[in-house]
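This document opens with one chain alone, in structure tokens, the form predicted on its own.
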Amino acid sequence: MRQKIAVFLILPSLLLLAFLTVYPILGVFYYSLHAYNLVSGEFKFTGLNEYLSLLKDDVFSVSVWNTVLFSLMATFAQTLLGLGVAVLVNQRVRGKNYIVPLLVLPNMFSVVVVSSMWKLMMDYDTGLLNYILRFLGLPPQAWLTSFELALPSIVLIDTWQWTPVCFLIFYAGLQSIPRDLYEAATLDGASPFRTFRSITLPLLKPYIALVLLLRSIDTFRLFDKVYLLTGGGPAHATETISLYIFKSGLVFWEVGKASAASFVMLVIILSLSALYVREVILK
């Protein structure tokens, strides 16, 4: 009887959750099976043609590659930096209460503020970064307009903003490790590297998995920084799947193609999440 009452109480929440998640997904899949152009008014069932057209679209292929590359570079850079900084701060450092708030400061700014700030600093003629390079006798760089440098530059900006979140998660994990383990390792003569490898890393495994999962999903949805900094250029060098979907659906009004790309992106993210859960969390 108590179980039936519990199910009855949570049923409205489950129905609301299903309406807010399942219904939009089904809607996107429905539109992806139709050629739907808001300008011409064309709306007809085309089956999997929109998906097949994505396979032949070079811009979509480039956007997928850029998204995967950005996600890999940003996720691993932020994870390694966050872990390194957390390990350093977790030592007996004086002024720790002041250092931690300063470290998380970059994540307190909005994406618009961060993008505007870095766009000014990366300006070819008047930016701070090129001023430093010229001061050191090095040639200035076209950080956001170079085909080779544009995507790594956005990785740098994203890493600057989101490493603090990784640091906080790792720092919380380090705080949960009993000090007795480190003291016992010290008494046994273990080196700092051996202590880190045998105690810290194994106990931080769930936190590392969590950071990798959260940052992979978030970086895979990259849109705002690219839109504000480069608009996908130069020559699609920073075009991502999210930007491709935005342009297809809200610039060229090809709702069917945008829906098909959105569904492909959803499948990729779900696959990544399932892989992480199975290989890291459940083991």
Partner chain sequence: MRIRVESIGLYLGIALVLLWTLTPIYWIANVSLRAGLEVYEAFSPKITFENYVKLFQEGFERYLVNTVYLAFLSTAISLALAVPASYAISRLALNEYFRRGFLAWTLFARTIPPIVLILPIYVMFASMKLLDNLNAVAMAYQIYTLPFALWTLIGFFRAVPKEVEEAALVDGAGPLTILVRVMLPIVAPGLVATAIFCLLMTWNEFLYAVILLQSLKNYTVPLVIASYISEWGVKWGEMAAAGIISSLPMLLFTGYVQKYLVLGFMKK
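Residue numbers count along the first chain shown, from 1. All of these numbers come straight from a predicted model, not from anything done at the bench. Rigid core (definition): largest C-alpha set, two forms, superposition within 1.5 Å.
Although not depicted, the form predicted together with its partner chain is the subject of the following passage.
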Options 196-204, 181-189, 165-173, 69-77; stretch whose heavy atom lies within 4.5 Å of its partner chain in the predicted complex = 165-173
key: Interface membership of T145, its partner chain in the predicted complex, 4.5 Å heavy atom rule   = no
query = Does I208 make contact with its partner chain in the predicted complex, using a 4.5 Å heavy atom cut-off?
reply = no
request  = Give a yes or no for A237: in the predicted complex, does one of its heavy atoms lie within 4.5 Å of a heavy atom belonging to its partner chain?
outcome  = no
message = Residue-level question: is P101 within 4.5 Å of its partner chain in the predicted complex, judged on heavy atoms?
response = yes
ask   = Relative to its partner chain in the predicted complex, which residues of 256-271 have a heavy atom no more than 4.5 Å away?
value = A258, S259, S262, M265, L266, I269, L270
ask   = Quick one: core overlaid, is L17 moving 2 Å or more at the Cα between this form and the one not shown?
value = yes
Yes/no, L272 Cα shift of 2 Å or more between this form and the one not shown with rigid core fixed = yes
